[in-house]
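To begin, one chain is listed below as C-alpha coordinates, in the form predicted alone.
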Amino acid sequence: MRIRIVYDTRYAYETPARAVAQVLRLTPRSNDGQYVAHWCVELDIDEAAPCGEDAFGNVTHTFFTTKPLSHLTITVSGVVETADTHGLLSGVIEPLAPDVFLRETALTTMDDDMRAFADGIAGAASRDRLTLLHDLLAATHADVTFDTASTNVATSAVEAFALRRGVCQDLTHIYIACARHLGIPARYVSGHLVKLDGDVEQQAGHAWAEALVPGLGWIGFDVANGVCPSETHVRVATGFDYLSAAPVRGSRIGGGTEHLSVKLAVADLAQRQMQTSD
(Lines give C-alpha, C1' and ligand atoms only; values in the text may rest on other atoms or scores of the structure.)
Protein backbone atom coordinates (compact mmCIF):
# COMPACT_ATOMS: atom_id res chain seq x y z
CA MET A 1 0.00 0.00 0.00
CA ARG A 2 1.21 3.50 -0.81
CA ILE A 3 0.07 5.84 1.97
CA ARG A 4 0.13 9.63 2.03
CA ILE A 5 0.01 11.40 5.39
CA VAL A 6 -0.53 15.12 6.03
CA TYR A 7 -0.53 16.08 9.71
CA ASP A 8 -0.92 19.64 11.04
CA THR A 9 -0.63 20.40 14.76
CA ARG A 10 -1.40 24.02 15.69
CA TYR A 11 -0.89 25.66 19.09
CA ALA A 12 -2.44 29.07 19.82
CA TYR A 13 -1.59 30.90 23.05
CA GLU A 14 -3.82 33.30 24.93
CA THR A 15 -0.87 35.67 25.33
CA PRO A 16 2.53 35.33 23.58
CA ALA A 17 4.67 32.61 25.18
CA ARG A 18 8.09 33.87 26.25
CA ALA A 19 9.85 30.56 25.52
CA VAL A 20 8.86 27.23 23.95
CA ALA A 21 10.81 23.96 23.79
CA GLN A 22 9.57 20.80 22.05
CA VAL A 23 10.68 17.32 21.07
CA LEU A 24 8.97 15.93 17.97
CA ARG A 25 8.66 12.20 17.28
CA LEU A 26 6.88 12.53 13.98
CA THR A 27 9.22 10.82 11.51
CA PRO A 28 8.96 7.09 10.72
CA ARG A 29 11.90 4.85 9.92
CA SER A 30 11.98 2.30 7.14
CA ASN A 31 11.88 -1.40 8.06
CA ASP A 32 10.99 -4.65 6.32
CA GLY A 33 7.30 -3.72 6.48
CA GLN A 34 7.49 -0.07 5.43
CA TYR A 35 9.61 2.12 3.20
CA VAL A 36 9.63 5.87 3.77
CA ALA A 37 9.59 7.27 0.24
CA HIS A 38 9.32 10.91 1.26
CA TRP A 39 8.95 12.76 4.58
CA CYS A 40 9.07 16.41 5.64
CA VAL A 41 8.66 18.17 9.00
CA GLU A 42 8.15 21.94 8.88
CA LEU A 43 7.62 24.67 11.50
CA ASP A 44 6.02 28.04 10.80
CA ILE A 45 8.66 29.84 12.86
CA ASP A 46 12.21 30.78 11.95
CA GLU A 47 13.98 28.27 14.21
CA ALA A 48 16.13 25.26 13.39
CA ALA A 49 14.88 21.85 14.51
CA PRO A 50 17.93 19.55 14.44
CA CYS A 51 17.31 15.89 13.70
CA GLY A 52 18.50 13.30 16.22
CA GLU A 53 17.62 10.01 17.87
CA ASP A 54 16.31 9.17 21.34
CA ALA A 55 17.11 6.18 23.56
CA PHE A 56 14.40 4.07 21.88
CA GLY A 57 15.82 4.64 18.40
CA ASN A 58 13.08 7.07 17.39
CA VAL A 59 13.85 9.90 14.98
CA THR A 60 13.50 13.21 16.83
CA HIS A 61 13.46 16.89 15.95
CA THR A 62 14.05 19.36 18.77
CA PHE A 63 13.73 23.11 18.91
CA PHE A 64 13.82 25.93 21.45
CA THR A 65 12.88 29.56 20.99
CA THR A 66 12.82 32.58 23.27
CA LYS A 67 11.08 34.78 20.71
CA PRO A 68 7.53 35.80 21.72
CA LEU A 69 5.21 33.22 20.20
CA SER A 70 1.47 33.64 19.80
CA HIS A 71 0.99 30.50 17.73
CA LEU A 72 2.95 27.55 16.38
CA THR A 73 2.09 25.13 13.58
CA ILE A 74 3.97 21.87 12.96
CA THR A 75 3.28 20.37 9.52
CA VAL A 76 4.23 16.83 8.60
CA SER A 77 3.78 15.39 5.13
CA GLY A 78 5.06 12.26 3.47
CA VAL A 79 4.52 9.02 1.63
CA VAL A 80 5.18 5.55 3.04
CA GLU A 81 4.99 2.27 1.12
CA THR A 82 3.86 -0.62 3.31
CA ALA A 83 3.57 -4.41 3.14
CA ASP A 84 1.68 -6.88 5.32
CA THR A 85 4.12 -8.75 7.59
CA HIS A 86 1.32 -10.18 9.79
CA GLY A 87 2.49 -8.00 12.67
CA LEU A 88 6.10 -9.21 12.65
CA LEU A 89 8.63 -6.38 13.00
CA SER A 90 11.98 -6.94 11.30
CA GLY A 91 14.71 -4.88 9.73
CA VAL A 92 15.04 -2.69 12.84
CA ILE A 93 18.15 -2.10 14.93
CA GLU A 94 17.12 -2.43 18.59
CA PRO A 95 19.12 -0.06 20.84
CA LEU A 96 17.72 -1.48 24.10
CA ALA A 97 17.66 -4.94 25.63
CA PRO A 98 14.16 -6.50 25.55
CA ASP A 99 13.90 -6.83 29.34
CA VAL A 100 13.92 -3.03 29.61
CA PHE A 101 10.32 -3.25 28.38
CA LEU A 102 9.23 -5.16 31.47
CA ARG A 103 9.43 -1.86 33.34
CA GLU A 104 6.18 -0.53 34.82
CA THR A 105 5.33 3.15 34.33
CA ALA A 106 2.72 5.44 35.82
CA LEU A 107 0.49 4.88 32.77
CA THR A 108 0.93 1.08 32.78
CA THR A 109 0.45 0.23 36.47
CA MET A 110 -1.64 -2.76 37.57
CA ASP A 111 -4.27 -3.32 40.24
CA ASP A 112 -5.85 -6.53 41.57
CA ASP A 113 -8.67 -6.41 39.01
CA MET A 114 -6.22 -6.20 36.10
CA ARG A 115 -3.99 -8.92 37.55
CA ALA A 116 -6.97 -11.25 37.85
CA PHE A 117 -7.92 -10.46 34.24
CA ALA A 118 -4.41 -11.21 32.94
CA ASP A 119 -3.94 -14.31 35.10
CA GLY A 120 -7.30 -15.67 33.96
CA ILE A 121 -6.23 -15.43 30.32
CA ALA A 122 -2.85 -17.01 31.06
CA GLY A 123 -4.50 -19.87 32.94
CA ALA A 124 -6.84 -20.66 30.07
CA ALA A 125 -4.32 -20.23 27.26
CA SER A 126 -1.76 -22.53 25.74
CA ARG A 127 1.80 -22.42 27.06
CA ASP A 128 2.79 -21.00 23.68
CA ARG A 129 3.54 -17.28 24.12
CA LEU A 130 2.19 -16.24 20.73
CA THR A 131 -1.13 -17.93 21.46
CA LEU A 132 -1.26 -16.26 24.86
CA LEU A 133 -0.66 -12.83 23.31
CA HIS A 134 -3.41 -13.39 20.75
CA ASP A 135 -5.77 -14.50 23.53
CA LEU A 136 -4.88 -11.35 25.48
CA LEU A 137 -5.56 -9.28 22.34
CA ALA A 138 -8.99 -10.84 21.83
CA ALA A 139 -9.98 -10.57 25.50
CA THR A 140 -8.91 -6.94 25.88
CA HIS A 141 -10.58 -5.93 22.62
CA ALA A 142 -13.81 -7.63 23.72
CA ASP A 143 -13.77 -6.39 27.33
CA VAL A 144 -12.86 -2.71 26.84
CA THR A 145 -15.12 -0.56 24.66
CA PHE A 146 -13.59 1.99 22.30
CA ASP A 147 -14.92 5.37 23.44
CA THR A 148 -13.44 8.79 22.67
CA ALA A 149 -15.37 10.59 25.44
CA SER A 150 -14.28 8.72 28.58
CA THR A 151 -10.52 9.31 28.96
CA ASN A 152 -7.68 11.75 28.24
CA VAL A 153 -3.94 11.57 27.59
CA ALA A 154 -3.21 11.33 31.34
CA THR A 155 -5.54 8.36 31.96
CA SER A 156 -3.70 5.31 33.29
CA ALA A 157 -4.30 1.68 32.37
CA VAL A 158 -5.88 1.07 35.79
CA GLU A 159 -8.32 3.95 35.34
CA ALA A 160 -9.29 2.94 31.80
CA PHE A 161 -9.71 -0.71 32.80
CA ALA A 162 -11.98 0.28 35.70
CA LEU A 163 -14.15 2.18 33.21
CA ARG A 164 -13.86 -0.63 30.64
CA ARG A 165 -13.68 2.20 28.10
CA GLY A 166 -11.04 4.21 26.29
CA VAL A 167 -9.30 5.11 23.04
CA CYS A 168 -6.47 3.26 21.29
CA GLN A 169 -3.95 4.75 23.75
CA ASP A 170 -5.86 3.31 26.73
CA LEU A 171 -6.40 -0.14 25.22
CA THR A 172 -2.70 -0.26 24.35
CA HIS A 173 -1.69 0.67 27.91
CA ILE A 174 -3.95 -2.05 29.32
CA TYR A 175 -2.50 -4.65 26.95
CA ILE A 176 1.10 -3.63 27.74
CA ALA A 177 0.49 -3.69 31.50
CA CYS A 178 -1.05 -7.18 31.34
CA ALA A 179 1.73 -8.55 29.11
CA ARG A 180 4.42 -7.20 31.43
CA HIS A 181 2.62 -8.67 34.43
CA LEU A 182 2.84 -12.05 32.67
CA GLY A 183 6.59 -11.60 32.20
CA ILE A 184 6.44 -10.62 28.53
CA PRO A 185 8.37 -7.53 27.34
CA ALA A 186 5.89 -5.13 25.74
CA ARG A 187 6.05 -1.59 24.40
CA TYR A 188 3.91 1.24 23.04
CA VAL A 189 3.87 2.20 19.35
CA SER A 190 2.53 5.46 17.93
CA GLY A 191 1.73 5.74 14.25
CA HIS A 192 -1.02 6.09 11.67
CA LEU A 193 -3.78 3.91 10.27
CA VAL A 194 -5.50 3.88 6.89
CA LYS A 195 -9.23 3.43 7.41
CA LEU A 196 -10.58 0.83 5.04
CA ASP A 197 -13.95 2.61 4.86
CA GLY A 198 -12.21 5.32 2.82
CA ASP A 199 -12.49 8.02 5.49
CA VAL A 200 -9.29 10.05 5.05
CA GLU A 201 -9.82 12.80 7.64
CA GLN A 202 -8.98 11.66 11.18
CA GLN A 203 -9.10 13.15 14.69
CA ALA A 204 -5.71 11.85 15.84
CA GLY A 205 -2.92 9.36 15.20
CA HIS A 206 -3.14 5.69 16.10
CA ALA A 207 -1.46 3.48 18.72
CA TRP A 208 -0.83 -0.23 19.25
CA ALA A 209 1.43 -2.54 21.24
CA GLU A 210 4.40 -4.72 20.42
CA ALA A 211 5.34 -7.77 22.47
CA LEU A 212 8.37 -10.04 22.26
CA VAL A 213 8.02 -13.66 21.14
CA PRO A 214 11.21 -15.76 21.44
CA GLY A 215 12.29 -17.14 18.09
CA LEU A 216 10.14 -14.65 16.18
CA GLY A 217 10.90 -11.21 17.58
CA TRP A 218 8.63 -8.24 18.21
CA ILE A 219 5.01 -8.72 17.12
CA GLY A 220 2.45 -5.93 16.85
CA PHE A 221 -1.02 -6.11 18.42
CA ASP A 222 -3.60 -3.44 17.53
CA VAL A 223 -5.95 -3.79 20.49
CA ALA A 224 -8.41 -1.10 19.38
CA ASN A 225 -9.14 -3.09 16.22
CA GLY A 226 -8.46 -6.58 17.57
CA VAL A 227 -5.89 -7.41 14.87
CA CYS A 228 -2.17 -7.50 14.21
CA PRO A 229 -0.85 -4.47 12.29
CA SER A 230 -0.94 -4.88 8.51
CA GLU A 231 -0.16 -2.82 5.43
CA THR A 232 -2.71 -0.25 6.67
CA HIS A 233 -0.40 0.71 9.59
CA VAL A 234 2.50 3.18 9.52
CA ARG A 235 4.85 2.75 12.50
CA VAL A 236 6.39 6.04 13.69
CA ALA A 237 7.74 5.85 17.28
CA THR A 238 7.96 3.50 20.23
CA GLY A 239 8.49 3.74 23.97
CA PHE A 240 7.47 2.48 27.40
CA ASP A 241 4.06 4.19 27.08
CA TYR A 242 2.36 7.14 25.41
CA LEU A 243 4.60 9.71 27.08
CA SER A 244 7.85 8.28 25.72
CA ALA A 245 6.43 7.79 22.20
CA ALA A 246 4.24 10.92 22.01
CA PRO A 247 4.36 12.74 18.65
CA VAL A 248 4.95 16.09 20.38
CA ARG A 249 6.15 16.79 23.92
CA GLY A 250 7.38 20.09 25.28
CA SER A 251 7.13 22.92 27.74
CA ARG A 252 6.73 26.68 27.64
CA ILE A 253 7.03 29.79 29.75
CA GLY A 254 4.02 32.09 29.67
CA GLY A 255 1.33 32.03 27.03
CA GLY A 256 -1.70 31.65 29.29
CA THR A 257 -4.30 29.17 28.09
CA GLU A 258 -3.18 26.95 25.24
CA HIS A 259 -5.53 25.95 22.42
CA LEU A 260 -4.56 22.86 20.41
CA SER A 261 -6.04 21.86 17.06
CA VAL A 262 -5.09 18.92 14.87
CA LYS A 263 -5.77 18.19 11.21
CA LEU A 264 -4.77 14.73 9.99
CA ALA A 265 -5.34 13.03 6.65
CA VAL A 266 -4.20 9.44 6.01
CA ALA A 267 -4.92 8.16 2.51
CA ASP A 268 -4.29 5.04 0.46
CA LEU A 269 -3.08 6.67 -2.75
CA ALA A 270 -4.26 3.79 -4.94
CA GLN A 271 -7.76 4.06 -3.50
CA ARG A 272 -7.80 7.83 -3.95
CA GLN A 273 -6.73 7.48 -7.57
CA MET A 274 -9.53 4.98 -8.17
CA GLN A 275 -12.07 7.37 -6.62
CA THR A 276 -10.74 10.23 -8.74
CA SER A 277 -10.97 8.18 -11.95
CA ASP A 278 -14.53 7.20 -11.10
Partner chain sequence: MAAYDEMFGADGAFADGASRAVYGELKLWMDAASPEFFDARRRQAELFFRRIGITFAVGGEAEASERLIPFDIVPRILSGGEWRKLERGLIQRAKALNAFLCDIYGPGECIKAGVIPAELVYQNSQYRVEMTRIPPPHGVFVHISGTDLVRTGEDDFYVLEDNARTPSGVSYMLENREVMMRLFPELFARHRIAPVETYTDGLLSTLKSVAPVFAEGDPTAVVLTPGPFNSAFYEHSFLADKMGVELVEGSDLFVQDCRVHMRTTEGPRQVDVIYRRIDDDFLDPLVFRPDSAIGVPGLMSVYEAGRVTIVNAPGAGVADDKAVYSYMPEIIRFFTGEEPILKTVPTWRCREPDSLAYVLEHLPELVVKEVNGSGGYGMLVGPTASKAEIEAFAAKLKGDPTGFIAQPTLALSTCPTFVEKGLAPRHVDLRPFVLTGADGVRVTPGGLTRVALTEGSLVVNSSQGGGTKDTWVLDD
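Since this is a predicted model, take the numbers as computed values, not measurements. Residue numbers count along the first chain shown, from 1.
Below, we refer to the form predicted in complex with its partner chain, which is not included among the displayed structures.
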> Can you check whether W39 is within 4.5 Å of its partner chain in the model of the complex, heavy atom basis?
Replying inline: no
> Counting only non-hydrogen atoms and a 4.5 angstroms cut-off, does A97 reach its partner chain in the model of the complex?
Replying inline: yes
>> Just checking whether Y35 would be counted as a contact of its partner chain in the model of the complex - the rule being heavy atoms within 4.5 angstroms.
In response: no
> According to a 4.5 angstroms non-hydrogen atom cut-off, is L243 in contact with its partner chain in the model of the complex?
Replying inline: yes
> Looking at its partner chain in the model of the complex, is some heavy atom of each of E53, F56 and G250 within 4.5 Å of it?
Replying inline: yes
> Where, among 136-144, 201-209, 81-89, 101-109, do residues come within 4.5 Å of its partner chain in the model of the complex by heavy atom distance?
Replying inline: 101-109
>> I need to confirm a contact call. Of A265, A12, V262, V23, which residue comes within 4.5 Å of its partner chain in the model of the complex, counting heavy atoms only?
In response: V23
>> Need the contact residues for 65-93: heavy atom within 4.5 Å of its partner chain in the model of the complex, sequence order, or none if there are none.
In response: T66
